[in-house]
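The chain that follows stands alone, in the form predicted on its own, written as structure tokens.
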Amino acid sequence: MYAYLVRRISGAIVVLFGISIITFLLVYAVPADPARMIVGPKAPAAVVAAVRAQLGLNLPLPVQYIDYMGRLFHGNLGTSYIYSLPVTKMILQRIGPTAWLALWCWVAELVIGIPLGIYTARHARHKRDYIVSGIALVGISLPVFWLGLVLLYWFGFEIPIFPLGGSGGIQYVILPGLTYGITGAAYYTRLLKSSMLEVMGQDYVRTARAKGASERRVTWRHVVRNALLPVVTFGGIDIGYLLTGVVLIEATFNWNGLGMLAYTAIQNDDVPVIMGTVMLIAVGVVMFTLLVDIIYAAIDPRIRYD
């Protein structure tokens, strides 16, 4: 187990290092000049040059990257070009609302997707399976922002049950959660159905049926429990992504979270904020993936030797 952990953690570090390089290069490949955006389009060239020197933008790109990584290792994500605030402080202010929204979006996916996956697996290749699978396919194909706007129009304006966007308590997360749940549940439905159909063909399931176990007991005790492993993997990656900002959901519902912070930073070419949010997203996804791998290895010791 120790050797497995060392391999997985080393791989995660390499992945994060590679993401930092790629993100840094992509951000600086954008033709926009952050110094010009800070001082304005009419500022003299000398002022722009002074700002570039102050921000270190006149240094060679490898030197800028080394300086950034040096600050990052000390927990310093830099200062926002636009707001002149520490990026770490800005991110910490947005984590709470994003975590609250992400939790409800994830719960909505599971509440919708898992029962549908079980239902379609139990009625595989029947008319009801085709109907539910078709509905799931439609759901996965719907653009998040379009569905969000439709739900906002009907349940925020026509039938004013919920608020028209904004951040807050439970009444504010129902529509965003439902939007993401409808569009994301199809992944869980299809994944669980496929996993359950595979488990249903195993010898121990046939043995349980031969011993006279009821279909309900076979489904829940033998099939569902063993078919949930791929769902756990996908769920860990999914919540890692959700916790670090759902840009379209937050933009559609005017949610003051990490997604909106990243969206605004990209519009303003605010490099420190872009790098900070991207690295946070990367760390979140990698850490949750690593956690799922560790749980897998604890459940099934054979994985440790792969």
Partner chain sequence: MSLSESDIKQYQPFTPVPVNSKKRPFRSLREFPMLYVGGFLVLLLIVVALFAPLLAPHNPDAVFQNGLNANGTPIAPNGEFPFGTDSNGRDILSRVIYGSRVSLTVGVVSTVINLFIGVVVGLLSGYFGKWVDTVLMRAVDTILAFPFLLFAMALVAVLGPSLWNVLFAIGILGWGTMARVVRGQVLSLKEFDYVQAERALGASHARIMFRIILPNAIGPVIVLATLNVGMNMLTEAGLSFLGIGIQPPQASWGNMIQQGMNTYAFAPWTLWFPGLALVVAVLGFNMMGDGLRDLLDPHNATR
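Positions refer to the first chain, counted from 1. Source: prediction; values computed, not measured.
Omitted from view is the form predicted together with the partner chain, to which the following refers.
You can rule out all but one of 92 to 100, 110 to 118, 76 to 84, 138 to 146: in the predicted bound form, only 138 to 146 has residues with a heavy atom within 4.5 Å of the partner chain. Think of it this way: in the predicted bound form, the partner chain has a heavy atom of just one of 152, 182, 173, 200 within 4.5 Å, and the residue is 152. Exactly one listed residue, out of 50, 266, 69, 39, brings a non-hydrogen atom to within 4.5 Å of the partner chain in the predicted bound form: 266.
For residue 291, no non-hydrogen atom is located within 4.5 Å of the partner chain in the predicted bound form, even though that partner is not displayed. Residue contact check for residue 164: one or more of its heavy atoms lie within 4.5 Å of the partner chain in the predicted bound form. Contact check for residue 297: no non-hydrogen atom falls within 4.5 Å of the partner chain in the predicted bound form. Although the partner is absent from this view, residue 187 contacts the partner chain in the predicted bound form, with a non-hydrogen atom inside 4.5 angstroms. Residues of 220 to 236 placing a heavy atom within 4.5 Å of the partner chain in the predicted bound form, in sequence order: 230, 234.
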